[in-house]
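Taking the form predicted on its own, here's one chain by itself in structure tokens.
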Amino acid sequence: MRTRLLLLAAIALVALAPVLPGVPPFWITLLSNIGLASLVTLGLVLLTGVGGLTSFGQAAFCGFAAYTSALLTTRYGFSPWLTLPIALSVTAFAAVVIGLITVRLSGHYLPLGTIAWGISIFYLFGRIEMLGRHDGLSGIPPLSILGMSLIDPKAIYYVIWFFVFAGSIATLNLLDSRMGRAIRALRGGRVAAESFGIDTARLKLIVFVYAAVLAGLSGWLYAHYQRTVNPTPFGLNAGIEYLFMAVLGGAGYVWGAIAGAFVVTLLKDVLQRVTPLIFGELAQVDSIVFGALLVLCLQFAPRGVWAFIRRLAPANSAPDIADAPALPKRDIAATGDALLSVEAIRKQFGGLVAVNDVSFGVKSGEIVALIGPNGAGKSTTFNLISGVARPTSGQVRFAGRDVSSASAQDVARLGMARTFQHVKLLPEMSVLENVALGAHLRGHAGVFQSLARLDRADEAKLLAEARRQIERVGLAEHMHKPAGSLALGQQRIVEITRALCLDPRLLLLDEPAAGLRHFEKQQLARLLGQLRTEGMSILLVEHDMGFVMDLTDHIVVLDFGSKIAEGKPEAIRQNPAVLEAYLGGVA
């Protein structure tokens, strides 16, 4: 509640600032600059703070829009408002071209890539004759509304902040949606996100373009606010500064974009005024002090200014989840029908054979265990079946289709869901949001619907389904807690619940009982038995032999990548090869 009041107070202050008595015109100019920076930083919050994609080149996208509008208005007589969609389209097109290359990079190569094209575009702006080279373009007409020119800084101030708050609300809407959860899932890694059907390459490009369009909007406003453009504001230094704003404000928070822009812009202005009085004309001392203060801020508020402000406010109460019609269910094959067929699959990594011509099948309504000592190839086999990796030879058929070369997203669409040996949840997201990620493919609202908040009916169905699945596994009391706050055993149950939200035909469980206490294993066994009764098929990897023998219908045993035995639990328990290789002689 305090946070909401603080936001309302901030909005009121922004709205009243130009009309308050005694406010110097310079303050209005400073607040306008903060608004322009906030738009760029807002895109970085989504791109870097939420999506985990670090970019140092956002200032270049400001330049695309600014130069487009400047060129069209000064050389060809376009109306400034008419250039807005054109400028944003040019920026989006440039972002698509650059993003198709950039977002494929990972690790430290991604930020290095953004630095490279940021520098290149900056020098390109300064070399093109039509854009005025390093002198740029001047004489850009101001914006006007109903024939009234917005040349007065107080007039365009309101236009700038209108777009800031509109962009903030649209971004909040996006994050509070199916697509927003998918964007957050990017931080958990490609494999986990794709296992419940998220097209990570496409989503990264969408986020990249959205952040670029926000930067382009800032550039368009800048051109008609300053009425002149040159390459200086669109270089690498500005890109680094915008990233500073996002991190300092709170890279995971929308309102942190405004907080970060406010702190950095104000701090720079104060230092430029104060340091000459203290240090005289010593060159660049303001930059040195500025850098040192930023380091101190990051040291004492590593999650940003807005995260610090949020700690001062009481936690929000858990949101109510409206009842909604149940999502459509998948048709389940008749019990006993073939569902998964693995035929002589082989996987080689150079000279190493990880999986050696393994064959087995899973029928509808059957629980099959894949067991073997560490390094036997069980997880690799899981990856080959689920589309994470492709077999060197052999074939995997699921639901009557050859999925040997299918992607993880395509396999998920067919109704195969999985968990992981090492839990892959997003620790800061609530249990409800983590579970709702599993229902991603069962929703239909896209980015534009989410931005305009036209996805509420679709969203209500997904969250209601997630709630039902959470209640089904007995974790209702933890529904609104951060997933990272749960014990390991509970996190494993959450991961299984997320998989169930996909409404799978086949459930792949990689060591589901690891870390569970005895009574939790019993609860898990009852849940899996109930799923089998409902017609779901389950393939699991597990080292707890008591759990496996009591639960499964069929067991496949691997050793050094090869299948050494297959059959009913009773037969496997007494198989000499299994006793020697895995069970240590215990019958």
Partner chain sequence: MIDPIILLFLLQDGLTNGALYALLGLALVLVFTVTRVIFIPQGEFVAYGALSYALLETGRVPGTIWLLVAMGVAAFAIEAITRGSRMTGREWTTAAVLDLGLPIAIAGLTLAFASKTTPALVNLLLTLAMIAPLGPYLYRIAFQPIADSTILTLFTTAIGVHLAMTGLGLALFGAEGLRAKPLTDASLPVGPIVLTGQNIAVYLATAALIIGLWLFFERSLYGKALRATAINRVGARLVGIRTSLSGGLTFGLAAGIGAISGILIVPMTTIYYDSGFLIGLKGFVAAIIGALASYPATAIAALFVGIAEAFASFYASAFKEIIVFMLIVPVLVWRSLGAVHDDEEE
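Rigid core: the largest C-alpha set superposing within 1.5 Å between the two forms. Predicted model only: the values in this text are computed from it and were never measured. Residue numbers count along the first chain shown, from 1.
FYI, the form predicted in complex with its partner chain isn't displayed, but the following is about it.
Asks: Can any non-hydrogen atom of residue 52 be found within 4.5 angstroms of its partner chain in the predicted bound form?
Replies: Residue 52: contacts its partner chain in the predicted bound form.
Asks: In the predicted bound form, does residue 107 come within 4.5 Å of its partner chain, counting heavy atoms only?
Replies: Within the cut-off, so yes.
Asks: Test of understanding: in the predicted bound form, would residue 355 fall inside 4.5 Å of its partner chain by heavy atoms?
Replies: Taking the distances in the predicted bound form, the answer for residue 355 is no, it never comes within 4.5 Å of its partner chain.
Asks: Is residue 123 near its partner chain? Define near as a heavy atom within 4.5 Å, in the predicted bound form.
Replies: Although its partner chain is absent here, residue 123 would touch it in the predicted bound form, with heavy atoms inside 4.5 Å.
Asks: Would you mind picking out the stretch of 362-370, 237-245, 385-393, 140-148 that comes within 4.5 angstroms of its partner chain in the predicted bound form, counting non-hydrogen atoms?
Replies: So the stretch in question is 237-245.
Asks: May I ask you to choose, among 178, 424, 347, 478, the residue with a heavy atom within 4.5 Å of its partner chain in the predicted bound form?
Replies: Of the listed residues, the single hit is 424.
Asks: Check each of 130, 452, 292, 166 and return the one that places a heavy atom within 4.5 angstroms of its partner chain in the predicted bound form.
Replies: Here the answer is residue option 292.
Asks: Please check if residue 125 moves between this form and the one not shown, taking a CA shift of 2 Å or more relative to the superposed core as movement.
Replies: Comparing the forms between this form and the one not shown, which are aligned on their rigid core, residue 125 does not shift its C-alpha by 2 Å or more.
Asks: If we fit on the core, is the Cα of residue 293 displaced 2 Å or more between this form and the one not shown?
Replies: Yes; that C-alpha moves by at least 2 Å between this form and the one not shown.
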